[in-house]
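First come two forms of one protein chain, each written alone as structure tokens, so that there is a structure 1 and a structure 2.
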Structure 1
């Protein structure tokens, strides 16, 4: 357990220093690459990773490169090209890279591959798991506290374990505030289908839900649009953001967002790698390193009762200290209950 704790302390120092950089004395010429399977202009998951790569460049003076890949065959090719070119660290930003990462890892033992949300582990293939459920739990508390109907909704994309985990945590957070709360759940089967997400949200609102959280990518616009239309029709309805700080996306209806601070996590991983502390086991980044959090929208802070805010703050502290353990769905090789 030495490695994770070293990682945590490094991560905490990165978050404390922030993005200002400047006083970095590290002279090791690190070469870091990023692979994404979507455009880094998405203002979310991929954009966060690209910002992380840029932060590694400015903060650590690393040489960086990025490639957007589309097919599993391209994943292999990009890993091989970067590894053969002598890159030390490759961030593969999505579970979809895990099989290709294992193949490339065997061929190039001197290259370390970090797979965001991955499930397979090797000496030089390391899943980076964001404990988004810890932010989602706090969002669930906010949802139950805000709801007047006692019904809250969750609209998801593809029902993979990390997404399911955020919803189990959301449910648990909601029950912590209101044990009688009803929680509706819909998976549309698509991260980016705006129309399907909107339809699912409308259906949940019609069943009485008045606070809706999502776990989709570009489809979140559909969720927010449905909530806006419900508000326009005279119902008090709120939305909650997920993955990145979406409070600005629809500041009139989004009360808060469960966020992952990907850039800071990436820099911390790079630093830990330079210390020789990365390999052989998954890295978990959650709220005790402040990588994951729940952020209230300042524009709507007045609608959140003060005692609810205090309870959320208390739970955040308890999660950070380990006193409160948020439910999650395990999916990494070697984890309890996972083959």
Structure 2
């Protein structure tokens, strides 16, 4: 079994069985670190990564550490500090870490660096690519099916390829339901600026958008607040979560979330690393391993028409079987197709 297939087998097992805690079976305790460029209190992208780190700690008995790093200089410093201290695995959670990861990997060949959403590959620098576009495609279907105005919105942080890919898929999903749907797109330039995200959301609502999805981090709170205020003003407006199951963050307005099950994926990476099956090529994880999905908010399931739910379920099945190929933006070095 080749490395990607071996990883996917491990990942499928982890997702199916779950991780409730336990002791690592290896003789030497794993040391794993996490770098995030934003706060792990964001209830989304960073929070999922931190939960993954803590799951590695509890499930594998690993020694773990986390740092929030905001600038490229801090990226370099953190990589070098962890690698020099003998950490085995460093999870760098974001596309922005890829160049610093390559530099650190060259200096410390015995440290493996996992870059979530990264695009550069080396023997010990491994992009972990979540096929989130498969979840955002289904979210786009939900958005178009719920919209009364025929206008839906997308609010993003920085226009990096992974974020752009989720929006292209969201747009395709929306057009699968309503070919005439109008899709608004705004990038604020910042993942965590709550005020900027709220302002962008308000502007889209004022242009007629009545269902809004985001691809930001802590700034998602601004998106949800803008939608809540729109509802309070008497409009019918809905939000969609992204990166993790955010349905409980604003359960009165979030109809569903495009979800990445980051903790399970992190544990699968750690297990594959222990078996020598990580290195030299990107790792892809998507809906076929149930890592990526679109999850309806149970509290608002009644607002989603049954026929729309059935179409979303059918598309989910077709994506998992390979019958439906979701648009994506390729950004990994040497990538020749979707795996």
Partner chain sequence: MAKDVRARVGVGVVAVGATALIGAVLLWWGGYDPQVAAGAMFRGSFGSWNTFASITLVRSVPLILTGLAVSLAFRAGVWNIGAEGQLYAGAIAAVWVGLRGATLPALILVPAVLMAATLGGAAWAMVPALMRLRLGIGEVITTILMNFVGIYLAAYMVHGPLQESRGVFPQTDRLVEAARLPILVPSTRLHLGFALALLLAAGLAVLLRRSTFGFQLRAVGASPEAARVAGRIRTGRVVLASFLVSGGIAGIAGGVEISGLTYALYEGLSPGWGYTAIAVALLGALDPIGVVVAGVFFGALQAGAGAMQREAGVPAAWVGVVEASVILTVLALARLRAVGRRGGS
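Positions refer to the first chain, counted from 1. Just so we're on the same page, rigid core means the largest C-alpha set that superposes within 1.5 Å between forms. Owing to the predicted nature of the structure, the values given are computational and were not obtained by experimental measurement.
In this pair, the copy labelled structure 1 belongs to the form predicted together with the partner chain. A displacement of 2 angstroms or greater separates the C-alpha positions of residue 93 between structure 1 and structure 2, with the rigid core held in common. Positional change of residue 244 between structure 1 and structure 2 stays under 2 Å at the C-alpha, relative to the superposed core. Superposed on the core, the two forms barely differ at residue 288: its CA moves less than 2 Å between structure 1 and structure 2. Once the rigid core is matched between structure 1 and structure 2, the CA atom of residue 50 is found 3.0 Å away. Look at residue 108: with the core superposed, its C-alpha moves 4.5 Å between structure 1 and structure 2.
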